[in-house]
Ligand code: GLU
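Take a look at this single chain, the form predicted alone, given in structure tokens.
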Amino acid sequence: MTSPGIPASPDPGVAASSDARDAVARAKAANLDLVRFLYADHGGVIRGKAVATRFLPERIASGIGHTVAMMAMTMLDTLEPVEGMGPVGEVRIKPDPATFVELPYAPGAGAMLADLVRPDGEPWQACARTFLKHAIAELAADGYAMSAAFEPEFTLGRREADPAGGPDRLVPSDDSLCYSATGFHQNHDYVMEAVRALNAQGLQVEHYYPELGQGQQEIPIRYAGALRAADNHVLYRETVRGVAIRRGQWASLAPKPIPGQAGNGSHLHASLSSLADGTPVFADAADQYGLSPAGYRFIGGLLAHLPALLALTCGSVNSYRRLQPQFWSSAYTVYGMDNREAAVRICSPLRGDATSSVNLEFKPSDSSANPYLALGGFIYAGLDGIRRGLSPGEAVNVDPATMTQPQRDAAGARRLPLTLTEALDALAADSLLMDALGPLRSAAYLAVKRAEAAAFAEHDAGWECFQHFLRF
């Protein structure tokens, strides 16, 4: 598990660290020509720059120069007016050498996950990875560490021109049924290559299955410490897309890449352990659902901040096509035991591992989100519930869409925001999350996302889905 603390500020001697020496040695041993420094922006897009391997030691120490404006760029590559993010100013894309991987799908290339730091090496107030580090430190201050995993779905297919002259379409790779053996057969070669590439980077694939939508795949990976979990999700997104592109295919993790087809979620699984002795914090064998008081309070925090949190975990216009009643993606502010229509699911523990396998699944989450902001916001919301002793109310163990409105009112089952704009309005009004984000990061995020919402309002669903499957 990654350390819950925030690393000391980098200094020129960092290239001499053991992680840096190991990264350089591995890059040279593998005869890599380039190493990519990757980060996630406010639009949810993975961006970065690459360094030639011969200059890797000094660039690990110094980072690569980068304009501050890039964190004010939307997913459509429009630059939004944000004070402090214009043509004047510089940050460094500063890699974490402990995250070095060779890229099996990109011969000759490697990658590291990166922070955005100021020229003096201090953290930059708009760096998303730093935001998650701060959230992890807040957990540690209360004696907790988090294990987490994103559980992404994606659509495999081909990018084809629209015969009618519209934007390109994503044509699914199969027409198989959910979990069907036919789906295994039709996508076997791609899946095996993707699984091997993920494992080669240390992501530890646990399962694979063809999902509900045509061409839809799910390859869950094993949990890790919170920072590593977000880093893993960046590498995952790059891997499933990179493997597909080199095979002449297209893989999209967009929430709704094809209108009328099942959407792609990236459910967030998480649990807490005690920093003092490593014991599970969410487990209580005496409880009817096996959940501890701290677990219920964590849920209470998630539900209290859910409308605002959605702006971080479902961060695109396209997300809200998926968040509909009876889509198994969640549409109401409820929790329940193994209720896949609830926003928060208490997961049944594994047989023989009833204590340590207790975890919560957060359903309204997808891969158009910046994973560092999504997981960081999730931590802040849940920790607020523990600190303030927030009750989530009674569990809802039925599909809330089947309840009458008076029943939903009694259960506190409020409809989730229907649009990105509604979620952004809720975020702007949520003092806890806005304070955690800080003035520069929150101003930039809201500006970027409001600009995206306005841009997509001028176009139809086909254009929207194209722009999303192109980028996610």
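Start at 1 with the first residue shown and count on from there. Keep in mind the model is a prediction, meaning the values are calculated, not measured.
The next section is about a form of this same protein that is not shown, the form predicted together with ligand GLU.
- Looking at F327, you'd find a heavy atom of it within 4.5 angstroms of ligand GLU in the predicted complex.
- The closest heavy atom approach of R340 to ligand GLU in the predicted complex falls within 4.5 Å.
- Although the partner is absent here, K363 sits close enough that one of its heavy atoms falls within 4.5 Å of ligand GLU in the predicted complex.
- Taking non-hydrogen atoms only, P152 never approaches ligand GLU to within 4.5 angstroms in the predicted complex.
- This chain is drawn without ligand GLU; in the predicted complex, the residue among N232, N370, S252, Q216 with a heavy atom within 4.5 Å of it is Q216.
- Interface residue among H267, R237, R92, R297, judged by heavy atoms within 4.5 Å of ligand GLU in the predicted complex: H267.
- Heavy atoms within 4.5 Å of ligand GLU in the predicted complex map, among the stretches 222-230, 243-251, 386-394, 257-265, onto 257-265 alone.
- Taking ligand GLU as it sits in the predicted complex, the stretch 45-82 never comes within 4.5 angstroms of it through any non-hydrogen atom.
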